[in-house]
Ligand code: ADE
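To begin, one chain is listed below as structure tokens, in the form predicted alone.
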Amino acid sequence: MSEHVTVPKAELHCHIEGAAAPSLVARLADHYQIDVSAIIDGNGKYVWSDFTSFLETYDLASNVFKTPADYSLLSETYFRMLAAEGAIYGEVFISPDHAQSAGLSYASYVEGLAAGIERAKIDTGIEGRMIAIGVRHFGAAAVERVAREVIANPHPMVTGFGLAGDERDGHPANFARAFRMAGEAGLGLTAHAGEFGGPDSITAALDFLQVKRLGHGVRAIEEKDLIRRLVDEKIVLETCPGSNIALGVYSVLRFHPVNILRQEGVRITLNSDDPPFFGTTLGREYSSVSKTFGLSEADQIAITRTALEAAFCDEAARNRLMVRLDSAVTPAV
């Protein structure tokens, strides 16, 4: 393959509200006459300094999305950008709690997002799915309410259920019931763990939530037995190196454990998390990790293959995506 051929990419870990470019937020803020000058600087970049101020900036940026059409614009813009970077598949976390605070029903929120993903697919061929998340620091009852809402309003593009929010708040055992309900309804399961919480947080998520994927999960590096367990149970880590550096989990990329985990046999994927907030994109994650750790094109393709194998999509879609990945690898004769 020539170096000009873009490696096909896939993303499993990105929060849709966190994918909103400052320019889009500024445009909608202007329309709704919302003052966002405190969170977007003169260079059109988000302003925040630590995890708490990041969350405040994130919430204010999210508040400019009011209608299904706004959400449709957000998802279409993001999926087109992903496709332009060579992505053939993307999953985004959607937040029913955000929809509620915007005064939208869950169903109209999902319809808006789905319409945007569909429009991007028609033009670019990118395939997309959504993972509904409960917010851990809102408590078990709130997370169960999200699970019930998702199950009661099935949508073909909402194929997963997850847990986000402050990892240091609430033991995974508290959310076991919500995850059992979601799993029985056929949703793929994932949970944020091992980002700000250590190895114990990961072990508890695996024990109580029956997840096959973990958001981040990188702090498994601190415990040898846990690394073995991840390998043995074929747990897939949705790693987000750029996010971890931006939020100070690791100081620089070369100290990030993503490559050691990969070499130990842990199944890893690369993801952008909240890309414009962290000054990254999915393409940048692939290129910076590859450059820093000397990954070959074959290594990058293997990472995409892992993501497609772990994707919360139907087998027909997975097979189509695998054909696209394989055809990019095998030059036409």
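Sequential numbering from 1, following the sequence displayed. This is a predicted model, so every value here is computed, not measured.
Keep in mind that the form predicted in complex with the ligand is not shown, yet the notes after this line are about it.
* Asked: Each of 58, 192 and 216 near the ligand in the model of the complex, meaning some heavy atom within 4.5 Å?
  -> Judged in the model of the complex, 58, 192 and 216 all sit within 4.5 Å of the ligand.
* Asked: Contact between residue 146 and the ligand in the model of the complex at 4.5 Å, heavy atoms?
  -> No, residue 146 stays farther than 4.5 Å from the ligand in the model of the complex.
* Asked: Can residue 120 be called a contact residue for the ligand in the model of the complex at 4.5 Å between heavy atoms?
  -> Flag for residue 120 set to no.
* To do: State yes or no: in the model of the complex, is some non-hydrogen atom of residue 81 no more than 4.5 angstroms from a non-hydrogen atom of the ligand?
  => No, residue 81 is distant from the partner.
* Using the partner position in the model of the complex, report whether residue 72 sits within 4.5 Å of the ligand, counting heavy atoms only. => Heavy-atom contact with the ligand at 4.5 Å: absent for residue 72.
* Asked: Among the candidate residues 114, 247, 99, 126, which is the single one with a non-hydrogen atom no more than 4.5 Å from the ligand in the model of the complex?
  -> Checked against the cut-off, the match is 247.
* in the model of the complex, which of the listed residues (199, 257, 160, 165) lies with a heavy atom within 4.5 Å of the ligand? -> The option sitting close enough to the partner is 165.
* Asked: Pick from 40-48, 22-30, 267-275, 281-289: which stretch has a heavy atom within 4.5 Å of the ligand in the model of the complex?
  -> Within 4.5 Å of the partner lies stretch 267-275.
* To do: Could you list which residues of 7-27 come within 4.5 Å of the ligand in the model of the complex, counting heavy atoms only?
  => Residue within 4.5 Å: 15, and no other.
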